[in-house]
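Form predicted on its own, single chain, as structure tokens, below.
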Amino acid sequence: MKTFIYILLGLMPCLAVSSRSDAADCLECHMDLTSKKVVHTAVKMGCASCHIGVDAATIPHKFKKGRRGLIAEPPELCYGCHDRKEFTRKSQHAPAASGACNSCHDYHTSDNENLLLADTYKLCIQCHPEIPEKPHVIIQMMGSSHVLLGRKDPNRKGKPFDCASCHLPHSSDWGKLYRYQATQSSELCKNCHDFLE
């Protein structure tokens, strides 16, 4: 019984706010959506930039339109701000092509850049676990594989060298989501290593 009373007391501010229905300040109850290092610009613009028809007078909320009151479903929702062509080039990453943006990104807030659910390397190996298990991009003349972590990216100022140094995360004009024009991985080397040109 005590637990129920504590839960009810904790919800009281939200219940009071929710009585104003659509005029409610969502962040009075959903402050966790701005609590991490990176907050989505859409959240800063206001919840109505993505959500409409939310009946805040009901808990749990009822939505007058669509899933969670979204203006549109991802990826169409995302294209309202993000350039569609960045996601629809010839070679497409399956999650981006299917609108499963939340496979890699938190829609609201994250402790990782670009609202990623984890740092780039850790995120990529969740779906590509074979990458750290075998040599990646074997450099024949040096007799070793390319380092995947621990260096700075020479072409992306202030960024670490990671999967995104050679691959684009959403779509590319080249196979295997290559960041640079290439038909095979060895053709990427010249983009960082001058002596290979």
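In case it trips you up, residue 1 is the first one in the sequence shown, and so on. Note that the structure is predicted; figures quoted are calculated from it, not measured.
The same protein also has a form predicted in complex with a small molecule, omitted here; what follows describes it.
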*Look up in the predicted complex whether residue 65 has a non-hydrogen atom within 4.5 angstroms of the small molecule, and give yes or no.*
no
*Would residue 120 sit within 4.5 Å of the small molecule in the predicted complex, counting heavy atoms only?*
yes
*Is residue 25 a contact residue for the small molecule in the predicted complex, using a 4.5 Å heavy atom cut-off?*
yes
*Can you check whether residue 35 is within 4.5 Å of the small molecule in the predicted complex, heavy atom basis?*
no
